[in-house]
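Same protein, same chain, two forms; see structure 1 and structure 2 below, as C-alpha cells.
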Structure 1
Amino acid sequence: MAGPHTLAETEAAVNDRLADMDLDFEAMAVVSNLFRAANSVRNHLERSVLQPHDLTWTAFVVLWVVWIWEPVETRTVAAEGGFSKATLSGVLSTLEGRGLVTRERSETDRRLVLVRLTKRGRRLMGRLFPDFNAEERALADAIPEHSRLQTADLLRLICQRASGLTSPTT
C-alpha cells in the first residue's frame, strides 16, 4: 500500500488483473495515501524525537494526554488517544514502572483510576514536546501554508465519516 510503485503503475497492474471490476481509484488513492502518510509521519517522529528518550509512539501519546488533562481517568486517556482500554492498561504499567506516571484510585468512585505525571514525567515532557512540535512544524511545511487548515478539516471529515459508518449514531 506504500511503496515504490506509483498510483499509475498500481492502477495499470490492477486493471491488468481485474479488467471487469469497476473500482473507484480516487477513493483507493485517498485511503492508501492516508496510510502512507500516517505511517511515514509516525516513523519519522519515532526515530527523530521519541527513540532517543526510549519512548514508543503510543507511550508518548499517553504522556501527552495525561500532561494536558491530569488528573485524568484512564477511560478519558484511552478515548483521547484512540486506543482500547486493554492497550492503555499495558502501556500505563510500562510507564508506571519507569516512574513517569502514577495510578491512584478515585476516592469518590472506587471504580475509576486517576492518572498523573510524576515530577520526572513532567520534566521529560517539558523537554520533549518543544522538539516534537518543531518536527510537526517541519512536516506540516510540506503543505502549502494556505492549505493547512483545510487539510486538517478534510481529515476531520474523514474521521467523522468513518466513526459514523461504524457506529451509526441514530
Structure 2
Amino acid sequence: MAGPHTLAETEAAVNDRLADMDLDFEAMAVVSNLFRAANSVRNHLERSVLQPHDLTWTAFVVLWVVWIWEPVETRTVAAEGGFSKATLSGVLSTLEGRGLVTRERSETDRRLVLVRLTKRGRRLMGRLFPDFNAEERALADAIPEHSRLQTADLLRLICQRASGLTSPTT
C-alpha cells in the first residue's frame, strides 16, 4: 500500500466514481496495476539492494546498460534507460566521480561519447547483480512458476504496443 487507501478501496472508489462513464475498466485495471507494480518493484529494489551501494534506480540502469553493451554511446544509454540526455549527463558525472565509469570521445566520430565501466564498476556490478536478481526472484515468486514466462511475454506485448502507438487513436 503506497497511500492511505488499500488497492481494493481505490478500485472500488474508482468504479463508484466512474460507473456512469462508458469505460474499459479491465484495460484501466491492467494499466494502473502495471504502473503500481512497476513503482512498487522499483521502490523495493532501491531500498533493499541499491541503497546499500548508494545507487539510485537511474544510476543502476546506467550501470546495467553500460555493463551489457560497453563500450556504448551516451545516446544509446539514454534510449535504453528511457531518460533524457540531460539526466544521463548528471548521472554519468556522479558515476564517473565515484570511479565507476569513464567517458571518452569516439575515435571514429569525435561528436560521439562512449561510456565504459571501470574495473571498480565491473566489480560492483558483479557483486551487486546476484543480489538484485535474488530480489527479482523473490518478487516473481508472487506469480506461480508455470505462469512466469507467459507473464513476461504479456508484459513485453504491452511494452511493444506502447512504443508503437503514436497517438491515442492509433
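Between two forms, the rigid core is defined as the largest C-alpha subset superposing within 1.5 Å. Residue positions are counted from 1 along structure 1's sequence. Predicted model, so just to flag it, every value in this text is computed and none were measured.
Of the two forms shown, structure 1 is the one predicted together with another copy of the chain. With the core held fixed, the Cα of residue 153 is displaced between structure 1 and structure 2 by less than 2 Å. Taking the core as the reference frame, the CA atom of residue 15 shifts 5.2 angstrom between structure 1 and structure 2.
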